[in-house]
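The form predicted alone is given below as one chain in structure tokens.
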């Protein structure tokens, strides 16, 4: 007979784990001293402990381990169970892969937002923007409803999203209830998805201004950039763009005073 400490060394299971398995009825000691409460194990328990450890290494739930020990003695006997467990592990792997992709997006977005904050001059600039492959949902209504479009793209195109969300604004003037706009996300793959337009968005020379603060205060930045356009005598191409460098996150809403939105107005050459 082996004491629990000796049995722990033989099986590679900690004393704490052995006590837990006893409480759960998975691996009971051969006997327990009535006076001291000490647990003792004989040689027959070593093989049981090995089977338990092998199954737990495969992440088989403890309840299932107990069922297998009660009903089976050979791997061939548990073939159907092992196949079901493999399917469950594949589903878990797919879920973990999606979680990892979401984490990668959050980390990338926050790093880019931090760089944008450090590099922003908050002054009107002229620059060239590259063409993008985008997934877009054309909408009419209030600008504040654009989140529905972004959510739709995120659900359908999540794994292909490769950049910051942007809004294409087709109206030449501000409209409160019947605005014409398109929620867009840069994507890495051109694919067909119902209700979402996936296509190239042309680049070109533009007038740009990074706005710091709530979306409700974007008007003052629009005034600044339009004054610059008029002084330069530029003619603009539709649509205007709002690129959301930093806004409400996937976890926290954040402080609207720290939101970063880049207004881009393409110049007609």
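Numbering follows the first chain given and starts at 1. These numbers come from a predicted model, not from an experiment. By rigid core we mean the largest C-alpha set that fits within 1.5 Å across both forms.
Below, we refer to the form predicted in complex with a further copy of the same chain, which is not included among the displayed structures.
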Looking at 232 to 240, 46 to 54, 31 to 39, 209 to 217, which stretch has residues with any non-hydrogen atom within 4.5 Å of a further copy of the same chain in the predicted complex? 46 to 54
Would you kindly say which of 16, 9, 253, 257 lies with a heavy atom within 4.5 Å of a further copy of the same chain in the predicted complex? 253
Select from the listed residues 139, 132, 89, 117 the one whose heavy atoms reach within 4.5 Å of a further copy of the same chain in the predicted complex. 89
Do all of 162, 172 and 201 end up near a further copy of the same chain in the predicted complex, with near meaning a heavy atom within 4.5 Å? no
Contact with a further copy of the same chain in the predicted complex for residue 156, defined as at least one heavy atom pair within 4.5 Å: yes or no? no
Would residue 126 count as touching a further copy of the same chain in the predicted complex under a 4.5 Å heavy atom rule? no
Decide whether residue 227 counts as a contact residue for a further copy of the same chain in the predicted complex under a heavy atom distance cut-off of 4.5 Å. no
Contact between residue 179 and a further copy of the same chain in the predicted complex at 4.5 Å, heavy atoms? no
Across 83 to 117, the residues having a non-hydrogen atom within 4.5 Å of a further copy of the same chain in the predicted complex turn out to be 83, 85, 86, 89, 90, 92, 93, 95, 96, 97, 99, 100, 102, 103, 104, 106, 107, 110, 111, 114
Quick one: core overlaid, is residue 207 moving 2 Å or more at the Cα between the shown form and the other one? no
After a rigid core superposition, would you say the CA of residue 238 moves by 2 angstroms or more between the shown form and the other one, or not? no
